[in-house]
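Only one chain is given next, in C-alpha coordinates, and it is the form predicted alone.
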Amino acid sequence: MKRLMMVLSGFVLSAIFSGPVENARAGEKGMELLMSRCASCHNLHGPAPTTLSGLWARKGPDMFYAGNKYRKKWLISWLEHPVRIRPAGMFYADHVVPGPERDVIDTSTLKAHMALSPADARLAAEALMSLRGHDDLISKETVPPGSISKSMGALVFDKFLGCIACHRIEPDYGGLSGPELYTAGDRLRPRFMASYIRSPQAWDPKIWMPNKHVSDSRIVQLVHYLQALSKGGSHG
(Lines give C-alpha, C1' and ligand atoms only; values in the text may rest on other atoms or scores of the structure.)
Protein backbone atom coordinates (compact mmCIF):
# COMPACT_ATOMS: atom_id res chain seq x y z
CA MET A 1 0.00 0.00 0.00
CA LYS A 2 2.79 2.38 0.95
CA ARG A 3 4.57 1.66 -2.34
CA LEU A 4 1.35 2.26 -4.26
CA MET A 5 0.87 5.62 -2.55
CA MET A 6 4.43 6.63 -3.42
CA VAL A 7 3.86 5.73 -7.08
CA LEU A 8 0.59 7.66 -7.18
CA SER A 9 2.25 10.64 -5.52
CA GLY A 10 4.94 10.53 -8.18
CA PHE A 11 2.34 10.64 -10.94
CA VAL A 12 0.56 13.58 -9.29
CA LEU A 13 3.78 15.57 -8.85
CA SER A 14 4.78 14.80 -12.43
CA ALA A 15 1.43 16.08 -13.70
CA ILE A 16 1.70 19.24 -11.60
CA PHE A 17 5.19 20.20 -12.70
CA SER A 18 5.34 18.83 -16.24
CA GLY A 19 2.49 21.08 -17.46
CA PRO A 20 4.28 24.40 -16.90
CA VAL A 21 7.57 22.92 -18.13
CA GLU A 22 6.00 21.61 -21.32
CA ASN A 23 4.20 24.92 -21.87
CA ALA A 24 7.47 26.79 -21.42
CA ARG A 25 9.21 24.52 -23.91
CA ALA A 26 6.38 24.98 -26.41
CA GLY A 27 6.61 28.74 -25.94
CA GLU A 28 10.34 28.65 -26.58
CA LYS A 29 9.87 26.54 -29.69
CA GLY A 30 7.17 28.89 -30.91
CA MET A 31 9.39 31.95 -30.51
CA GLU A 32 12.27 30.13 -32.21
CA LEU A 33 9.94 29.39 -35.12
CA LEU A 34 8.90 33.04 -35.35
CA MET A 35 12.48 34.23 -35.28
CA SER A 36 13.66 31.75 -37.91
CA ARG A 37 10.73 31.91 -40.33
CA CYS A 38 8.82 35.13 -39.70
CA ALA A 39 11.18 37.82 -38.41
CA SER A 40 12.54 38.68 -41.86
CA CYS A 41 9.14 40.08 -42.86
CA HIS A 42 7.43 40.90 -39.56
CA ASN A 43 8.39 43.25 -36.74
CA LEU A 44 8.20 41.08 -33.63
CA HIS A 45 9.63 43.50 -31.09
CA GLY A 46 8.43 47.02 -31.97
CA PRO A 47 8.21 49.89 -32.20
CA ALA A 48 6.29 50.61 -35.40
CA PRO A 49 8.09 52.58 -38.12
CA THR A 50 8.31 56.29 -37.38
CA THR A 51 9.45 57.38 -40.86
CA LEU A 52 7.85 57.05 -44.28
CA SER A 53 10.86 55.16 -45.59
CA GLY A 54 10.49 52.69 -42.73
CA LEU A 55 6.80 52.30 -43.48
CA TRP A 56 7.40 51.69 -47.19
CA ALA A 57 10.10 49.12 -46.44
CA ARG A 58 7.69 47.03 -44.36
CA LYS A 59 7.24 43.57 -45.87
CA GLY A 60 4.46 42.33 -43.60
CA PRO A 61 2.27 43.64 -40.79
CA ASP A 62 3.87 44.33 -37.41
CA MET A 63 3.37 41.46 -35.00
CA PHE A 64 4.65 42.82 -31.71
CA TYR A 65 1.02 43.36 -30.65
CA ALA A 66 -0.43 40.25 -32.33
CA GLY A 67 -1.89 39.00 -29.04
CA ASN A 68 -3.95 42.16 -28.74
CA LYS A 69 -4.95 42.15 -32.40
CA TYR A 70 -5.80 38.67 -33.60
CA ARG A 71 -8.08 35.84 -32.59
CA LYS A 72 -6.06 32.70 -31.92
CA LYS A 73 -8.44 30.33 -33.74
CA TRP A 74 -8.26 32.43 -36.87
CA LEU A 75 -4.46 32.70 -36.66
CA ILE A 76 -4.03 28.93 -36.58
CA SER A 77 -6.36 28.42 -39.53
CA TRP A 78 -4.81 31.22 -41.58
CA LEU A 79 -1.22 30.10 -40.97
CA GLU A 80 -2.13 26.67 -42.29
CA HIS A 81 -4.02 28.05 -45.30
CA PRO A 82 -2.97 31.67 -45.89
CA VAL A 83 -5.23 33.85 -48.05
CA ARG A 84 -4.29 37.37 -49.09
CA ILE A 85 -5.83 40.01 -46.82
CA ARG A 86 -4.31 43.06 -48.51
CA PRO A 87 -5.37 42.87 -52.18
CA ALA A 88 -2.53 45.19 -53.26
CA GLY A 89 0.11 44.11 -50.77
CA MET A 90 1.60 45.98 -47.82
CA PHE A 91 2.27 49.15 -49.85
CA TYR A 92 -0.29 49.35 -52.65
CA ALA A 93 1.72 51.80 -54.80
CA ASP A 94 4.29 49.06 -55.43
CA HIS A 95 1.72 46.69 -56.90
CA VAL A 96 -0.70 48.70 -59.05
CA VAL A 97 -0.49 49.70 -62.71
CA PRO A 98 -2.73 51.95 -64.83
CA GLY A 99 -5.76 50.19 -66.28
CA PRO A 100 -8.33 51.20 -68.95
CA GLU A 101 -10.53 52.94 -66.37
CA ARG A 102 -8.58 52.85 -63.10
CA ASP A 103 -5.47 51.42 -61.49
CA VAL A 104 -5.40 47.63 -61.34
CA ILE A 105 -3.32 45.23 -59.26
CA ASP A 106 -0.29 43.68 -60.91
CA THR A 107 -0.59 40.28 -59.25
CA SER A 108 2.75 39.16 -60.72
CA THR A 109 4.50 41.42 -58.19
CA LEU A 110 2.78 39.88 -55.16
CA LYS A 111 4.34 37.01 -53.23
CA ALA A 112 2.31 34.27 -51.59
CA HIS A 113 2.65 33.78 -47.84
CA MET A 114 4.19 30.47 -46.80
CA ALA A 115 1.89 27.88 -45.25
CA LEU A 116 2.78 26.16 -41.99
CA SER A 117 2.09 22.62 -40.93
CA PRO A 118 -0.74 22.21 -38.38
CA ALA A 119 1.79 21.66 -35.58
CA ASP A 120 3.89 24.70 -36.53
CA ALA A 121 0.78 26.83 -37.02
CA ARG A 122 -0.25 26.11 -33.43
CA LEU A 123 3.23 26.81 -32.10
CA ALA A 124 3.43 30.07 -34.03
CA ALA A 125 -0.06 31.15 -32.95
CA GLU A 126 0.71 30.45 -29.30
CA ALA A 127 3.88 32.53 -29.54
CA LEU A 128 2.11 35.34 -31.38
CA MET A 129 -0.63 35.49 -28.76
CA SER A 130 2.05 36.21 -26.15
CA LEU A 131 3.11 39.38 -28.00
CA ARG A 132 0.94 42.04 -26.38
CA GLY A 133 2.33 45.43 -27.27
CA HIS A 134 0.02 48.40 -26.62
CA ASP A 135 -1.85 46.91 -23.69
CA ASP A 136 -2.27 50.56 -22.68
CA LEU A 137 -4.38 51.32 -25.75
CA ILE A 138 -6.47 48.17 -25.48
CA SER A 139 -7.25 48.83 -21.80
CA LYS A 140 -8.97 52.09 -22.73
CA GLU A 141 -11.56 50.44 -24.97
CA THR A 142 -14.91 48.88 -24.20
CA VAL A 143 -17.08 47.37 -26.91
CA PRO A 144 -20.50 46.42 -25.56
CA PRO A 145 -22.22 43.46 -27.21
CA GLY A 146 -24.79 44.37 -29.80
CA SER A 147 -25.61 44.36 -33.48
CA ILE A 148 -26.33 46.65 -36.38
CA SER A 149 -28.11 46.01 -39.64
CA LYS A 150 -25.78 45.68 -42.60
CA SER A 151 -27.62 48.45 -44.42
CA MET A 152 -27.12 50.89 -41.52
CA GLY A 153 -23.55 49.74 -41.06
CA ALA A 154 -22.83 50.23 -44.75
CA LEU A 155 -24.25 53.75 -44.51
CA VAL A 156 -21.86 54.63 -41.68
CA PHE A 157 -18.91 52.85 -43.29
CA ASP A 158 -19.39 54.15 -46.83
CA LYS A 159 -21.43 57.34 -46.90
CA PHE A 160 -20.60 58.92 -43.54
CA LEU A 161 -16.92 57.97 -43.23
CA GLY A 162 -15.82 56.96 -46.74
CA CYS A 163 -13.98 53.80 -45.62
CA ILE A 164 -15.07 51.97 -48.77
CA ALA A 165 -12.51 53.93 -50.77
CA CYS A 166 -9.67 51.86 -49.28
CA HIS A 167 -11.29 48.68 -47.93
CA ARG A 168 -13.24 45.84 -49.50
CA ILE A 169 -16.35 44.65 -47.71
CA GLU A 170 -16.92 41.84 -50.23
CA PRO A 171 -14.36 39.97 -52.35
CA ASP A 172 -15.06 42.23 -55.35
CA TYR A 173 -16.52 45.33 -53.74
CA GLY A 174 -14.55 48.21 -52.26
CA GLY A 175 -11.09 49.74 -52.33
CA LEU A 176 -7.73 48.04 -52.72
CA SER A 177 -5.18 50.09 -50.79
CA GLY A 178 -6.08 48.74 -47.34
CA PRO A 179 -6.80 45.26 -45.98
CA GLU A 180 -10.13 43.67 -46.80
CA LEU A 181 -12.60 43.84 -43.94
CA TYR A 182 -15.15 41.15 -44.73
CA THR A 183 -13.18 38.74 -42.54
CA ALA A 184 -12.25 41.32 -39.87
CA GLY A 185 -14.84 40.10 -37.40
CA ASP A 186 -13.31 36.62 -37.48
CA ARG A 187 -9.66 37.63 -37.32
CA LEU A 188 -9.56 40.80 -35.19
CA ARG A 189 -10.40 41.40 -31.55
CA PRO A 190 -13.21 43.92 -30.96
CA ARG A 191 -11.19 46.20 -28.69
CA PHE A 192 -8.34 46.29 -31.19
CA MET A 193 -10.75 47.31 -33.95
CA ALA A 194 -12.17 50.04 -31.74
CA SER A 195 -8.75 51.35 -30.74
CA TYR A 196 -7.39 51.35 -34.28
CA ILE A 197 -10.45 53.17 -35.62
CA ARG A 198 -10.11 55.72 -32.82
CA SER A 199 -6.48 56.51 -33.63
CA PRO A 200 -4.62 54.59 -36.35
CA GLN A 201 -1.49 56.64 -35.69
CA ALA A 202 -1.38 55.56 -32.04
CA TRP A 203 -0.63 52.09 -33.39
CA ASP A 204 1.19 53.03 -36.56
CA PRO A 205 2.59 56.60 -36.49
CA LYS A 206 3.08 57.00 -40.27
CA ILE A 207 0.23 54.92 -41.62
CA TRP A 208 -1.80 56.56 -44.39
CA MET A 209 -5.16 55.64 -42.85
CA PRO A 210 -6.60 58.97 -41.64
CA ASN A 211 -7.79 59.66 -38.12
CA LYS A 212 -11.38 60.74 -38.75
CA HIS A 213 -12.01 61.45 -35.06
CA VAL A 214 -14.86 58.98 -34.97
CA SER A 215 -17.20 59.32 -32.01
CA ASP A 216 -17.55 56.56 -29.41
CA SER A 217 -21.00 55.59 -30.65
CA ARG A 218 -19.84 55.44 -34.28
CA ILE A 219 -16.84 53.30 -33.30
CA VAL A 220 -19.14 50.76 -31.67
CA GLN A 221 -21.36 50.79 -34.76
CA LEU A 222 -18.37 50.14 -37.00
CA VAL A 223 -17.12 47.25 -34.86
CA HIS A 224 -20.57 45.68 -34.87
CA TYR A 225 -20.76 46.18 -38.64
CA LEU A 226 -17.40 44.46 -39.19
CA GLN A 227 -18.58 41.59 -37.01
CA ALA A 228 -21.76 41.36 -39.10
CA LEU A 229 -19.75 41.33 -42.34
CA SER A 230 -17.82 38.26 -41.23
CA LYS A 231 -21.10 36.35 -41.11
CA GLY A 232 -21.50 36.71 -44.87
CA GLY A 233 -24.26 38.02 -47.06
CA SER A 234 -24.60 41.18 -49.12
CA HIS A 235 -23.16 44.47 -47.91
CA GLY A 236 -26.53 46.15 -48.30
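Note that the structure is a prediction, hence the values are computed from the model and not measured. The numbering used is simple: start at 1 and walk along the sequence shown.
The same protein also exists as the form predicted together with a small molecule; that form is not shown, yet it is the one meant from here on.
J.: Please tell me which of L137, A154, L116, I148 lies within 4.5 Å of the small molecule in the model of the complex, judged by heavy atoms.
T.: After the contact test, the surviving option is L116.
J.: Taking the small molecule in the model of the complex as the reference, which of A48, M31, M63, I169 has a non-hydrogen atom within 4.5 Å?
T.: If I apply the 4.5 Å criterion carefully, the residue I get is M63.
J.: Kindly confirm or deny that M209, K212 and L222 each have some heavy atom within 4.5 angstroms of the small molecule in the model of the complex.
T.: Looking in the model of the complex, the three residues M209, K212 and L222 all sit within 4.5 Å of the small molecule (heavy atoms).
J.: Can any non-hydrogen atom of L79 be found within 4.5 angstroms of the small molecule in the model of the complex?
T.: Yes, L79 sits close enough to the small molecule in the model of the complex that at least one of its heavy atoms falls within 4.5 Å.
J.: Using a 4.5 angstroms cut-off on non-hydrogen atoms, would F192 count as touching the small molecule in the model of the complex?
T.: Answer yes; at least one heavy atom of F192 falls within 4.5 Å of the small molecule in the model of the complex.
J.: Whether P98 contacts the small molecule in the model of the complex should be assessed with a 4.5 Å heavy atom distance threshold; does it?
T.: Heavy-atom contact with the small molecule at 4.5 Å: absent for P98.
J.: Are any of the heavy atoms in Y196 no more than 4.5 Å from a heavy atom of the small molecule in the model of the complex?
T.: Residue-level check for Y196: yes, a contact with the small molecule.
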